[in-house]
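One chain comes next, on its own, written as structure tokens: the form predicted alone.
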């Protein structure tokens, strides 16, 4: 089954509903992480990394904006309203990405773990049945490749440094582990997403591929494998979130709420 555009997708409500839910997952992951990245502006350990994090943040928000535009084509609200005025229960990001930045090791580890997952997801989406998503995934993956290289290098460097750097990295991975399984949830439409070819592989297959890629880097960094990965009890893909997301959205939408009808 191939779906060429939004008008064709809207002819099947089952297809459209699964596609919309998944596009929210993509957009919300990227927007939450992009916002967290932007919080490092002026706080990174050196000016070069300050610029790098700002650039990565801009890319992530741009990817979210692209997904919001696809959602608007499918009949959802205006992209600004989707981004800044949506209720918490309608967000579909993984909980991992709404958590506060923590220290440098936590932010580096989270980004690396997420970027490997995102690369696997984007690779699968280059074969999606929905043409706009397939084409967007190809372009986004080219940009995300540089993020992945950057954070893989940092992850290995912190681990190989030993001492306090390695200890903090190991602590960060342990803290992240209880949330990381949420990345592999595809929400309540997983069966429909796979059946319709919107997402060609299951969340479980993504997890297996992710583990195969993460384990060698953990060994390289001298970080022990924390144990089995579970889907957390609070599943962001189902609209379940922590107070961390509410706080993030309060900050992110502060200017928008001053005048939602303003034209910039």
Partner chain sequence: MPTTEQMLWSALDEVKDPEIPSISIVELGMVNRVRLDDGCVRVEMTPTFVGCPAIGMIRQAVQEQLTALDGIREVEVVITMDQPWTTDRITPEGREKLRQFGIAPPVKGSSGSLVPECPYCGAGNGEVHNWFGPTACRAIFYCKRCRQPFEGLKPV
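Here the structure is a predicted model, which is why all the values come from computation and not from measurement. Numbering follows the first chain given and starts at 1.
Unshown form predicted together with its partner chain; subsequent notes refer to it.
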Using the partner position in the model of the complex, report whether residue 52 sits within 4.5 Å of its partner chain, counting heavy atoms only. yes
Can you tell me whether residue 63 touches its partner chain? I mean in the model of the complex, with a 4.5 angstroms heavy atom cut-off. yes
Taking its partner chain as it sits in the model of the complex, is residue 140 near enough to touch it, meaning that at least one heavy atom pair lies within 4.5 angstroms? yes
Contact between residue 131 and its partner chain in the model of the complex at 4.5 Å, heavy atoms? yes
Looking at 33 to 41, 54 to 62, 223 to 231, 200 to 208, which lies within 4.5 angstroms of its partner chain in the model of the complex, counting heavy atoms? 54 to 62
Checking 147, 99, 92, 110 against its partner chain in the model of the complex, the residue with a non-hydrogen atom inside 4.5 angstroms turns out to be 147
Among 190, 123, 135, 76, which has at least one heavy atom within 4.5 Å of its partner chain in the model of the complex? 135
